[in-house]
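The chain below stands alone, shown as structure tokens; this is the form predicted alone.
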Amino acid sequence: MRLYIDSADLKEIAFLNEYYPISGVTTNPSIIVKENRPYLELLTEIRGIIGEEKELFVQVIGDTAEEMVDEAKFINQQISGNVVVKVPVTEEGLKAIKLLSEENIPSLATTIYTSFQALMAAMAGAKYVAPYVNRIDNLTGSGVNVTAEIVELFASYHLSTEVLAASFKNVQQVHDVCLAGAQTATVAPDIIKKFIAFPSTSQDVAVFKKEWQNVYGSDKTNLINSK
């Protein structure tokens, strides 16, 4: 599973990119406007943090397929490195995905609520599809089941499109889509930090340290100064 940061908060991105196995950053219009900064400047700074190779996802906001394609080309001209354009799965969006695929511009089909939306996007040429796990749950569906259906459909039809699961409210949902076969997930910083935050781990480490210092001295804080 590849992990992406779903945020445009520079401090959070810098921290998580340093400590966690991060494959890139996903943004959307709502995430970007929260930072209240010129968006190209913000995206450029994100690129500077994560480097040129990791993927940076940017969502178009145009209404027509032609507008979306023009935005995609503009973003690729303005932002260096590995850029993926997020396109909503509307009729115009589906057309845009087809046009982008013809020009070898990678896209992520976003705002997906059903497995059949994902199938149409994959057939149109999307590199990724993003089922909205928690939002599906909020509509009395099952985001995990939809993700599993997408994985099964792609396998049945030998489609190379990958599932980039999105919209989570807790670690359990992320865990479940991983078990369902999602190749990637984009997760908010506060949830990523909970992936390894288990109280017993910290308690065990403290016990190990105390027992060591009981024998070798309270000033012996690591293996090097314990010689």
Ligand code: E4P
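One rule holds for the numbers: they count along the sequence shown, beginning at 1. This structure is a prediction, so every number in the text was calculated from the model and none was measured.
Below, we refer to the form predicted in complex with this ligand, which is not included among the displayed structures.
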Of H175, K194, R37, K169, the only residue with a heavy atom within 4.5 Å of this ligand in the model of the complex is K169
Would you check, heavy atoms only and a 4.5 Å threshold, whether T161 touches this ligand in the model of the complex? no
Although this ligand is absent from this view, report whether T27 comes within 4.5 Å of it in the model of the complex, heavy atoms only. yes
Is R135 close to this ligand in the model of the complex, meaning a heavy atom pair under 4.5 Å apart or at it? yes
One stretch from 27-35, 176-184, 42-50, 63-71 that, in the model of the complex, holds residues within 4.5 Å of this ligand by heavy atom: 27-35
Note that this ligand is not shown here; using its position in the model of the complex, name the residues of 71-103 with a heavy atom within 4.5 Å of it, in sequence order. K86
